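Have a look below at one chain only, the form predicted alone, in structure tokens format.
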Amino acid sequence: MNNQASYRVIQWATGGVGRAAIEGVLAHPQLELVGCWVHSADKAGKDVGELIGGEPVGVVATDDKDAILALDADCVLYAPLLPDPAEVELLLRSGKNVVTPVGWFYPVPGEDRLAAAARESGVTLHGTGIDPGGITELVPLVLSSLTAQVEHVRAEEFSDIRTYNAPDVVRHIMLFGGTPEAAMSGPMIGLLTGGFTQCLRMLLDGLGFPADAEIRTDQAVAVATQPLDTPIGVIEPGQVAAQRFAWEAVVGGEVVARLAVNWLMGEEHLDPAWEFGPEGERYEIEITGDPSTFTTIRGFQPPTPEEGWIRNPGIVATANHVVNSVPYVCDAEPGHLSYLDLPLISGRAHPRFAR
């Protein structure tokens, strides 16, 4: 990476990750925010600084996609609620690199349209984040360098979903507060599987496991045993108050890798009686080999649900991973690139230490 170069950046969408990404861009010594696309008309025409609750920064948000495509910029931070491959292709073909936390973590065989668009336009597409997109494969791969003869890898999240400031998503897409039958047949497993499967495949390829590993998915729910007062409203007894999603890679009948998320509306009054235990909210990474290792990562979950609604560290960390990737992606060879194709990505020192 050229530490002296500067890069012009556009933010696409201003949800939780988008707002945190704007903060990250403004703080990054090599990045300049030059544009911002917003979904809603009431945000269009406003200074981006106002949209993130700060002082004006001199960049006005727009809901005009054509204006964004025509804008001179090096990279777009693409962070909508739901990804649209057609939008990403247009951004790539407009000559802009794209970094995103909503997918494209690892190339999928046979799905090379966006990779072709990137190569033909001389730019790069890169997916990154936390879970999926960081703790699910990047961190285990780094830790695996200390182990020989790896037999099994597990990366698992344990989080209180009450800290997630997106009540409509939690209620109507994740289907917390609904019936177990609705949640088990709902859209979440499908929405999550694409990204988590890509991360699982990257992990397997990076470690040298057979490419034909079988991928299994699993889902389970726990229900409330008494009324729960939550940020999405009261969850009544018998309604979904916790969910677990898991993806496993199987080689020769043996599970060699497992990615999982555990999302709970608190730890009380659940059936089954799931809980975080004395370790609390966390991420766990376990590698079985010679020697085996067990790592716990803390700090990405807020101390209380209320604090999470104000500023959720996990959302901020996701955005930072996107922002810090920009110089590396802009300097990379064209195409659809994963962590396996890029150098080690790092953050930047606080401005008070600037040289």
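Just so it is clear, the structure is predicted and the values come from calculations on it, not from any experiment. Numbers for residues come from their place in the sequence shown, where the first is 1.
The next section is about a form of this same protein that is not shown, the form predicted together with a small molecule.
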Within 4.5 Å, heavy atoms only, one stretch in 201-209, 99-107, 69-77, 235-243 touches the small molecule in the model of the complex. Which?
99-107
Contact of L90 with the small molecule in the model of the complex (heavy atom, 4.5 Å)
no
Indicate whether the small molecule has at least one heavy atom within 4.5 Å of a heavy atom of V25 in the model of the complex.
no
G15 near the small molecule in the model of the complex, any heavy atom under 4.5 Å?
yes
The small molecule contact at Y164 in the model of the complex, heavy atom, 4.5 Å
yes
Scan I130, V123, V261, A213 and let me know which has any heavy atom within 4.5 Å of the small molecule in the model of the complex.
I130
Does every residue of W37, V169 and T318 put a non-hydrogen atom within 4.5 angstroms of the small molecule in the model of the complex?
yes
